[in-house]
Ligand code: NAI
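Only one chain is included here, represented as structure tokens and corresponding to the form predicted on its own.
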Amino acid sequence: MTAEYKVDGAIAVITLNNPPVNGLGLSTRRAIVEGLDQANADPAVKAIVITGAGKAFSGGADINEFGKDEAHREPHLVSLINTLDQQSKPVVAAIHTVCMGGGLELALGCHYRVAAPGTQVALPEVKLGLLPGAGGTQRLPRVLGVETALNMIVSGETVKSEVLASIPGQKLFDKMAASAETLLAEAKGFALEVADKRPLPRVRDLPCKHPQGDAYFQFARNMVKGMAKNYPAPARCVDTVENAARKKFDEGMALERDAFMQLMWTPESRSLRHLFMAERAASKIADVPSDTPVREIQTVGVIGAGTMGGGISMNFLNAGIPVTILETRQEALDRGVATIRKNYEAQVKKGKLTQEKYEQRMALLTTTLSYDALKNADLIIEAVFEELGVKEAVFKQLDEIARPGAILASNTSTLDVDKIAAFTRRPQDVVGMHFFSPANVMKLLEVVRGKETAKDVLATVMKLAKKIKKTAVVSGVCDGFIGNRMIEQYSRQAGFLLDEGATPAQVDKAIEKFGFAMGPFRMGDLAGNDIGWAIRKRRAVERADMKYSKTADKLCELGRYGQKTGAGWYDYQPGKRDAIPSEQVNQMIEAHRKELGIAPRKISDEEIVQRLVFALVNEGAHILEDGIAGKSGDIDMVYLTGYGFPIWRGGPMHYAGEVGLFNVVQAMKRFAANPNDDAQFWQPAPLLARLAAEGRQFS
């Protein structure tokens, strides 16, 4: 049973028991109604307490029902809460630990609420592109006041129960328990106290208004419009809360339900729900069971104190894990530690970190010039120059000094992890851990699985990723793994667009208007154009048949490596990051066009976006076919968390489904006919062609 029924004297206790967060799935909803029916039929029962087993009262909707019929089958959540409203015996919600979404709406449908301190309370539906659809927008303003409730609903953020309990005049909690341990006993005692009180209080009967009326709601709309222009849900939240303040309860409920159903079908909500599910699915590896034993990681070694090494180290220091950084020269060590200090001091200055925490983290950091200092580390990550010979020297050293069972990880962004593993006598202990720059900020961690990487190594790294607050996605071994293998095709298209008549600024503006955080040319200037140049030189030897625009190479030949040299695709003023279109670059591009004999043409923003995004999609389909990514959602997570793909579009593979794979393939046929493009690349990947023909999507 997903809800247990017990009677203790005159009190019936219904305990939700649907791990991990007591989601309100169909079986749980039915079990609650059955419990209510039992309590009503028993004359000895005077009152009812509803609580949750384990570490939650209820986290809300059961995510396994998202988009399925079960979510709407009776009793759906609205019907269940209506049933609570109509109970003839008092119902007390005993709330603890987690009370979110439908769980909070369930509690609001009860006559009374007793809460444990430290309970996380929220209506987070807006983060899925939705609004609370079971009375949350109508009941919460009645117990907390319009402003507090609207702030919670529009932000979706959690608030501790004791904070809410301290609001003057609040009616959310009738009693605060002394602790989570005493909650149930106190709730049963409270239920006995109110057992004979009539009439039973209902949240729906409480008044709801705001003293400023129209002025306040207009102000709220203006604020929401400025902060959430790509998301329709926050504005609809304002509408529905305004309905609570202006209309009768039942009318407000009906309008809330209409708004909820309309949002459910928006592409933004579909994308956010896809992200929610894909993020959880990314941590699951098909052939690595969830109960796989993991290795203990108590100390970490990092080789290289540069930008990446320092950023990687900060992740572990933030999590309370001691780090030893190895460098070849003392000056490099000092420079790296100074950068770490500078980053932490900036956080202290902004109030994001206390001085005490800063000092605690720095106390965990050790530096060394000797490999011997890493001999007892549980995990060693190299973050040295991206060249196979350099990696070989490092891993041969590690193989000599690292303790048996230590995990040896490479931060390589493109190189063959199997070749790196072969430099050791313990390939089963070698794995790729590709952090994204700046490593202490970016959420993505590509975990590269070599052909001999042990399952317990994978399980350990995936668990560790959560501890250091990274979104880990598993990739197989290939040139560039998931993210950089795809970005190569995206960048090639950006180059071809320049050859055909576009400017760097036009390409960047078009893709940024689509929603990318940064266009390909601004991204190149930030990362360093010389990095891409080095990769292209290597690939020119390995894949001589690959066609590229030569503009990026010509740019580097001019010494324009990007922001670090004050000149790249754009010009930069000293100390500033503003990208200023460069006349020198535009002249260089025009001269190159003439060399190629290409007459420039006007290129639409729509074509720019399609060629860049569909290049990602087609390469993503090849990656799925090759088994480099396990699921299309993994590819989307890489691009949403590591490459600035717009969240409200759900990632390239999800977005392709929204456009329609048939339409994607038709566009690719047009691009293949372009004599200045790469016709071979625009042949749809077999998986993409098959799914398009069958009218299906990747997910």
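One-based numbering along the sequence shown. All values reported here derive from a predicted model rather than from experimental measurement.
Missing here is the form predicted in complex with the ligand; even so, the following discussion is about that form.
4.5 Å heavy atom contact, residue 206 and the ligand in the model of the complex
No.
According to a 4.5 angstroms non-hydrogen atom cut-off, is residue 612 in contact with the ligand in the model of the complex?
Contact check for residue 612: no, nothing within 4.5 Å of the ligand in the model of the complex.
Hey, in the model of the complex, is residue 166 touching the ligand, heavy atoms inside 4.5 Å?
Contact check for residue 166: no, nothing within 4.5 Å of the ligand in the model of the complex.
Taking heavy atoms only, is residue 457 within 4.5 angstroms of the ligand in the model of the complex?
Residue-level check for residue 457: no, no contact with the ligand.
Which listed residue (98, 394, 278, 487) meets the criterion of a heavy atom within 4.5 Å of the ligand in the model of the complex?
For this set of options, the contacting one is 394.
Identify which of 274, 434, 113, 236 has a heavy atom within 4.5 Å of the ligand in the model of the complex; exactly one of them does.
So the residue touching the ligand in the model of the complex, by this definition, is 434.
Spot the stretch among 501 to 509, 116 to 124, 585 to 593, 409 to 417 with residues whose non-hydrogen atoms come within 4.5 Å of the ligand in the model of the complex.
Residues of 409 to 417 come within 4.5 Å of the partner.
What are the residues of 285 to 315, in order along the chain, with a heavy atom within 4.5 Å of the ligand in the model of the complex?
In sequence order, 303, 304, 305, 306, 307, 308, 309 come within 4.5 Å of the partner.
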